[in-house]
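Form predicted on its own, single chain, as structure tokens, below.
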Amino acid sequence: MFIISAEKFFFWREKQLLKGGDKKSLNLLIDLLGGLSNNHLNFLKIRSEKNFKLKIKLESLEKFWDIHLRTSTPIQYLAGVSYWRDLKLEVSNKVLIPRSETELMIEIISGRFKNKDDQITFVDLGTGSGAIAIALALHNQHWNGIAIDIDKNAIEIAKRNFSNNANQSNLKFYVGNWWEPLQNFKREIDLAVANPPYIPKDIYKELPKEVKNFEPQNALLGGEDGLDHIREIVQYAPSYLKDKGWLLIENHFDQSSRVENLFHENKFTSVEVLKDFSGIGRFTIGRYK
């Protein structure tokens, strides 16, 4: 830990912002690497004479900030961690940085499974950092989860995240493509959830460089129309879901009607398109038969 005065710190922060970038990104860097939260920052503004502790020196923070400005590397990858809901997750360029809108999937699921005593089996397809699966496992210890990813590196990260955020054993991890590792779980799944690659090829080409140049392509690109992986997930879901089992998928902002049709074509009922924080139809949910 390094002791620094608030006055010196705020002078340093203003100096960094004059180089470029935005205050939100710099504050996130200060939080993730320096250990100084936004709430603590606001407190220091009121009591500017107070000394406080940082996890690393200002000179080191400045080097990371300069890398961000020069290369557009996401702050979360520079720090190696990301916040999501109430979790602090390890991330690297092997996994997507979990987005805030995806947090709504946990609320959607908790609204469908309200009985805390229900013992269900859920699967998170394409788990990445493990965010969704870990949040569900923590939401109810009666639930047994399976987290799947095609990338072994992602699964190792997800395992560490579960170990670092939970003191329980109700989540298992498998390497494989979508439903492939679940041959022994056919017609036994109560809930399947997926935030698959869904960005169409033309849109992927135009993504900001801080996304396209750093986040894994195989977690973003969904083929020509963005629906390649969603089609596969929906098509094979009936082989693995119980009768009345739920499937919840996150999709691109303009795909909801087509994803809804895919659900109906594969004998799903109670199909709904649910909106994200911006009022966009971001999630499609349905029940098998």
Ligand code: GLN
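Because the structure is predicted, anything quoted here is derived from the model rather than measured. Sequential numbering from 1, following the sequence displayed.
Quick note: we don't show the form predicted in complex with glutamine (GLN), though the next part is all about it.
In the predicted bound form, glutamine (GLN) sits within 4.5 Å of a heavy atom belonging to residue 101. For the chain shown alone, residue 219 is a contact residue for glutamine (GLN) in the predicted bound form, at least one non-hydrogen atom being within 4.5 angstroms. The shortest heavy atom separation between residue 198 and glutamine (GLN) in the predicted bound form is within 4.5 Å. At least one heavy atom of residue 96 is located within 4.5 Å of glutamine (GLN) in the predicted bound form.
Judged by heavy atoms within 4.5 Å of glutamine (GLN) in the predicted bound form, the contact stretch among the candidates 144 to 152, 184 to 192, 111 to 119, 198 to 206 is 198 to 206.
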